[in-house]
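Take a look at this single chain, the form predicted on its own, given in structure tokens.
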């Protein structure tokens, strides 16, 4: 993109827990860009009106739960990746005044997997809990890996079946959560554990050799990550994915490298 944003925002509901303003403002300071990134907590009824106003003002930003799929429908243009995922988490207004949507969650997920496993996997099965926008990003990543496939479990089986139909070359729905727990990589792509200590899957069910990636993040990690790590599993929460998707978004908006060191330091230090 060539048009510099007038403002940067995060759209979601709720967003009070989000660390995105912390690390994005750190990246802006490191790059010497005189903008502030702010979180906007939107009631669903206000979403369309707010987006229209942001487009008029030339604002760019990120989208989080529950608006990623809704933003896809609002965009005038989608990148091929966001169209494939079916969800938008990065947006901007181009030189022609069009609202453009992209997806950096796939790149963020790939980076989180490499941090957990040391490399992108080959020839494994991934167990995915959830069937929303985050799960779609996981499947888009899996279909780019060599010889990998995925099983998807959701409390509403129809949603899992619908998602897997879009990624039928690598994904199939399952109705037994034990199948997910037996995969070599188990991924929580639901919001379970974001606001309380609920766990998406009983840690005792996870197969002994499985690695675990919880896309939810909380300060001090999620209870699920702590519990499965205590049982000997390699496990990370979603903070690495969050920061990497944010860095990729920053680089899309401004065309300069994001200072990932500054972004990580701001989160570790609890800065603003």
Ligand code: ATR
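The structure presented is a predicted model; accordingly, all values stated were derived computationally and were not measured. Residue numbers count along the first chain shown, from 1.
One more form of this protein exists, namely the form predicted in complex with this ligand; it is left out here, but the text below deals with it.
Inset, instruction - Mind telling me which stretch in 76 to 84, 123 to 131, 174 to 182, 139 to 147 gets its heavy atoms within 4.5 Å of this ligand in the predicted bound form? - result: Among the candidates, contact is made by 123 to 131.
Inset, instruction - Identify which of 112, 189, 90, 106 has a heavy atom within 4.5 Å of this ligand in the predicted bound form; exactly one of them does. - result: Going through each option in turn, the one that passes is 189.
Legend entry - Contact test in the predicted bound form: residue 169 vs this ligand, heavy atoms, 4.5 Å: Flag for residue 169 set to no.
Legend entry - Any non-hydrogen atom of residue 162 within 4.5 angstroms of this ligand in the predicted bound form: Heavy-atom contact with this ligand at 4.5 Å: absent for residue 162.
Legend entry - residue 155, heavy atom within 4.5 angstroms of this ligand in the predicted bound form: Heavy-atom contact with this ligand at 4.5 Å: present for residue 155.
Inset, instruction - Give a yes/no on whether residue 50 approaches this ligand to within 4.5 Å in the predicted bound form, heavy atoms considered. - result: Residue-level check for residue 50: no, no contact with this ligand.
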